[in-house]
Structures are given as C-alpha cells and as structure tokens.
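Just one chain follows, in the form predicted on its own, and it is written as structure tokens.
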C-alpha cells in the first residue's frame, strides 16, 4: 500500500511517499480502507520528533473510510461500515489498523471528507468547551487562532453554550471569517495588543503557545482558567507557578484529547455530538484545501505557515 512516513525525524524533506506492507487487524482492531485523512499539528510534532515514535513513523491521527475487515472480539463495527476516527496514528496511508472502540459510524448525511475533517478538531473543541472549562451563558472566553480549523469550531460551540466570545487572528480576512463563525469581538493581533482589549476573561483557549501564553494570563479574571492545548508558535517557556498566584490565583491546564476521550462512551458522546451537529447544519466546517496523499509535504508547509484557515485534508482514495 502507498503511505507517507518518516524514517528520520526532521523537516518536510524527510517525508517519504512509498510502499509499505498492508497491515492486518488483530484482536479488538479493524482494518479501514482510508478515503480521507486529516492534517493536524500533531502530525508535524511526530514528523519533527517532538513526540517520539519508532520508525518508520506513518503520520496521520485522523481518518475516514470503510471497514474492510475486523479482528477477533470486535462487535461494534463490521466490514462495509462507513467510519471515522481520531487518535490512532497511521492515516496517511491507503489502509490503517485502528482500535475498533475508537471508530464512530458516520451518519448518512456526512461524507468521508467531512467525517475526516470533523473528528480531531471537532472533539477537541467539544472537550474544551464542555469539559475542561464547561462554558455557560454569561461566561467570557478568549480564543486564539479563532479562524483556524479548531478555533472556528470552538467559537461556534462557545456561542451554542451562550458565552461571549473574543477571538484573535492575524489578518483582516481571518477576522471576517471568525466573525462569520459567531465571534462577538475579533482582535487582529498583528495590529493591536490583545491584552489591552481582552480583559476579565473566564477562560483563555490557547493553541498558539510560546508567543501568546504569558500575555494571555493578563487577560484572565481572578481564578480564571488558562487552557494551553497547542504549540503552533513553539513550546510554552518554563515559568514559576507563583506567577499564577500573583495574577489572581489562576488555574492552568494542559489537556489532551486522549484524556478526554479515554472510554468508548465518552468518545461516542463527543464524536456523535459533532457529527450530528454537522449533519443538522448546526456546526459548520470549512475545508481549506484537499491534497493528494503524495503531496503531504505541501500540506505540512501550508499548515506550518499559519496562512491557512479551516481544515487541511489528504485525499487517499
């Protein structure tokens, strides 16, 4: 089968598009014929070696396709089912073996590309807004990268929950897109200091990391929560926990989707909410671009440039 992988971590030049053996499902697993694969920052982290894995490292943690075969003890899916998943690395390939409990059946109203685009970013937005800091009417939140793939979904879910939403973006065009998603206020951080306009927030959702983290602490009200869930600009620098006390007894968390979807019931709740909202038109996805699997390097360059909005996908078959 064709796959995109790295044997040595590093830059996009290390990505290989070549043949690897087709995998077979073991106990509790299913073999999925991939149609579309999501492109996410976690793929960049594995490519660079930020998250270690034994080579060859087949990238991609999110995909959608059709179950081709199941291993022993699998009862929740069967051959022929249309499914989507996240959190199982290996979707930059024609076939992937996935723990069956992580597979979610796609509603008839949702196509494969939408299913692949929805899972990781959609469930991330769900756990951030419904569990990490459960938003309620009257809460105020600051969302960095509000026009990005995850950011625009956080904006929409925050508005569903009745929150006041302030978003940051880098350009006028992205500001318009964040507004279209429902943001009440949008700050273009390349022109304005967001700390001057975003004050007294209940929560900050920050996927940017190094360049926004310390300033974001100044946007929170006493006992507000800083949610750092990504490193798009680089890792957050070390700091003394005493700073949290000095800035108002703040809470800080560094969550991950795996810890908020650690059981089949919790994963099904999040994924089915997201997919059903999309199918019903309550949640809007924006797919920025779809690349052939062989052009995964171009997708990584575009993602790291931070010039894209919405979701990037690889078309596998």
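Values in this document were obtained by computation on a predicted structure and should not be read as measured data. Positions refer to the first chain, counted from 1.
From this point on, the text means the form predicted in complex with a small molecule, which you will not see here.
Taking 4.5 angstroms as the cut-off for heavy atoms, does residue 298 touch the small molecule in the predicted bound form?
-> Residue-level check for residue 298: no, no contact with the small molecule.
Would you please decide whether residue 16 lies within 4.5 angstroms of the small molecule in the predicted bound form, comparing each non-hydrogen atom pair?
-> Contact with the small molecule, no.
Is there a non-hydrogen atom of residue 163 within 4.5 angstroms of a non-hydrogen atom of the small molecule in the predicted bound form?
-> Outside the cut-off, so no.
Using the partner position in the predicted bound form, report whether residue 255 sits within 4.5 Å of the small molecule, counting heavy atoms only.
-> Answer yes; at least one heavy atom of residue 255 falls within 4.5 Å of the small molecule in the predicted bound form.
Within 4.5 Å of the small molecule in the predicted bound form, do we find a heavy atom from each of 8, 11 and 92?
-> None of them does, since no heavy atom lies within 4.5 Å of the partner.
One residue of 107, 99, 170, 71 in contact with the small molecule, assessed in the predicted bound form (non-hydrogen atom, 4.5 angstroms) | For this set of options, the contacting one is 170.
Which one, 76, 131, 195, 233, lies within 4.5 Å of the small molecule in the predicted bound form by heavy atoms?
-> For this set of options, the contacting one is 233.
Which single stretch, out of 238-246, 134-142, 78-86, 147-155, brings residue heavy atoms within 4.5 Å of the small molecule in the predicted bound form?
-> One stretch meets the cut-off, namely 147-155.
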